[in-house]
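To begin, one chain is listed below as structure tokens, in the form predicted alone.
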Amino acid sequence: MAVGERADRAASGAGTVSARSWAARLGQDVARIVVLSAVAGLMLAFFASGVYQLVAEARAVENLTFEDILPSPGEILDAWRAHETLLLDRHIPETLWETLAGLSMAVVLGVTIAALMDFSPLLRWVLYPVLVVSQTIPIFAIAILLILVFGFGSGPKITVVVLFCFFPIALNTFGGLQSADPELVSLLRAMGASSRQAWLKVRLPAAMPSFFGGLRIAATYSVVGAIFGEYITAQHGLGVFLKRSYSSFRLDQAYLAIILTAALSLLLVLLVNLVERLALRWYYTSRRSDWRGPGIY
């Protein structure tokens, strides 16, 4: 009889604990829904106010036509024909050189910072806040300071591209290094592999997809960073061409510069995708479609 009573009490206690845990989970779910709903409502309010402001200011402009906002494709084509030689000989090569040089430096800097943070918890504690703070400083102010210190050459523009691009590379690579399968690392260490060998054979391959994801983001920023640096002060480049177009109120030339910027960014992203496919053939094999287990292989 005593045994039965104890069993009933244990069952009752288990039911009470289960009910309490269910109530706690329900409370957490309700709180999460309330917070997410409040954030979504706030974003919707800002969106509606921004749209209203744009519509109100557009209505306030008199005699505004569609041609004043967007030139025709023929006008943009005429602008290309008028400045084709200048763009191909000076502006586009200058912007492309600054973009590729800055992006290459950003790759080396970002991967180095990610590796240092992965190797040492102390360096991670020191460098991670520096990475975040570096993105809170206005790039415009840094670009002007660089130009005042180093002059009007390509150096400040390349530095601006590095500042635009190294953060997503470093952050994504570090996240990929941290997401390596610990079981594979433990297996290699049990087989007598050193920390360096485990890092090269497991952690680095696991970080490659994340690295290329960050590189893809950086590639889209790189051309914009170069044009941003050129827009402040330069003699050649698409940023200079864009600035002169705005100064002379030539919207056809301005849209031509925008289209060329988008085309260069798209070409860089396609190049990154091609290199990724060639470098990570093991990641894009047909066997991945049937893979469901843990690890990177």
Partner chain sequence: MAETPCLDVRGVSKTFRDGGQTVTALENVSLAARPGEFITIIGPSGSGKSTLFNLITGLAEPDTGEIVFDCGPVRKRAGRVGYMPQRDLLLPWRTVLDNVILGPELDGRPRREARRRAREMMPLFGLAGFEDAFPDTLSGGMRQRAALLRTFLTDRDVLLLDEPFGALDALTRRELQRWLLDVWQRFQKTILFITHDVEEAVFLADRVLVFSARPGRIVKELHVTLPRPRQSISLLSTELREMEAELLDTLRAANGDPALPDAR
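Residue numbers count along the first chain shown, from 1. Note that the coordinates shown come from a computational prediction; the quantities given were computed from them, not determined experimentally.
What comes next is about the form predicted together with the partner chain, which does not appear here.
Within this chain, I144 is remote from the site of the partner chain in the predicted complex, having no heavy atom within 4.5 Å. The partner chain in the predicted complex comes within 4.5 Å of no heavy atom belonging to E84. Proximity of T285 to the partner chain in the predicted complex falls within the 4.5 Å heavy atom cutoff.
In the predicted complex, the partner chain stays beyond 4.5 Å of every heavy atom belonging to G155. For the options G151, P138, G192, P121, the residue carrying a heavy atom within 4.5 angstroms of the partner chain in the predicted complex is G192. V202 is the sole member of A170, V160, A218, V202 with a non-hydrogen atom lying within 4.5 angstroms of the partner chain in the predicted complex.
The stretch in contact with the partner chain in the predicted complex, judged by heavy atoms within 4.5 Å, is 179-187, chosen from 126-134, 221-229, 103-111, 179-187. Contact with the partner chain in the predicted complex holds for all three of Q197, A206 and R281, each having a heavy atom within 4.5 Å.
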